[in-house]
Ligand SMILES: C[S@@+](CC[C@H](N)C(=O)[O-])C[C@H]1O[C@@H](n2cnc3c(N)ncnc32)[C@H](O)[C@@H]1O
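The chain below stands alone, shown as structure tokens; this is the form predicted on its own.
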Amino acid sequence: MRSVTRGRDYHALFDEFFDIYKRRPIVSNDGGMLIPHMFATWVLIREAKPEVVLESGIWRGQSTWLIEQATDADIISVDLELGNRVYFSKRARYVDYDFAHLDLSALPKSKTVLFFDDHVNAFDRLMQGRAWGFTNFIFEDNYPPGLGDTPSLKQMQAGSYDAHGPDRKGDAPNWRQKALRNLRPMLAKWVYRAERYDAAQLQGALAALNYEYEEFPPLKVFPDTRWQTDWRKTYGDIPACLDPAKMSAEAAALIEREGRGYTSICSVRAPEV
């Protein structure tokens, strides 16, 4: 898997996007995507020009609305708990089965975008999608090493175990997360067996794949992250894609409020099978 950086006029794209974002149906989307990942998803889906977008994990429905703004494609919205919806799409076909158990044989393989925000091991989802022959993937929670609540491609490429693994790095910000960190590896033997893997082995597996991998840049670089860790130590020196001096005061203020919600969203493009 090779990392790529795509040239874009981020300011022109953001100006168009922000007019759309101001019309979002859920103003305070706690527990769901905020502006940095909403912008990234809108850009990535538009660029893919899909015929179908399948999203796994919809929470309250804001992502479904966003997909409607990015494309005229058919939408399949998958979630085991559809009762959480606040926004109900007239275009989407809702499914309450897990992605792994769906018959996807009729979908156009190179013209479908698989969008995952379901907090399932990203390697599992990538392999499940590739088994059907799909080529375009977006992973919303691409957590950095030692953080987050689900194994990510970013962690695996670094040879790091997921946030609940035995070699988690960093300090837990509160006693609840400290207790979870200590208990979950012990419970993994019985309860979380599917999350147990060898980090170095998956690092090697991803390196061997002929896939393009892009981490969408943050809108702003902050002093600290959503986990109160040092931003640059957590994400490295990835520069922000926007200059505050080139945006409206309204946009800058919203990014200031929601920008720490960035968790390194990524896209993966694979060759056709």
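Just so we're clear, the structure is a prediction, and the values are computed from it rather than from any experiment. Numbering starts at 1 and follows the sequence shown.
There is another form of this protein, the form predicted together with the named molecule, and it is not shown here; the text below is about that form.
At least one heavy atom of Asp118 is located within 4.5 Å of the named molecule in the predicted bound form.
Although the partner is absent from this view, Pro223 stays clear of the named molecule in the predicted bound form, with no non-hydrogen atom inside 4.5 angstroms.
The named molecule in the predicted bound form is not approached by Pro217, whose heavy atoms all lie more than 4.5 angstroms from it. The closest non-hydrogen atom of Tyr213 lies beyond 4.5 Å of the named molecule in the predicted bound form. Taking a 4.5 Å heavy atom cutoff to the named molecule in the predicted bound form, the contact residue among Trp42, Trp59, Trp227, Tyr235 is Trp59.
This chain is displayed alone, yet in the predicted bound form one of Leu126, Met156, Ile138, Val78 has a heavy atom within 4.5 Å of the named molecule; that residue is Val78. Heavy atoms within 4.5 Å of the named molecule in the predicted bound form are found in one stretch of 44-52, 238-246, 202-210, 60-68, which is 60-68. Taking the named molecule as it sits in the predicted bound form, the stretch 16-41 comes within 4.5 angstroms of it through a non-hydrogen atom at Asn29, Gly31, Gly32, Met33.
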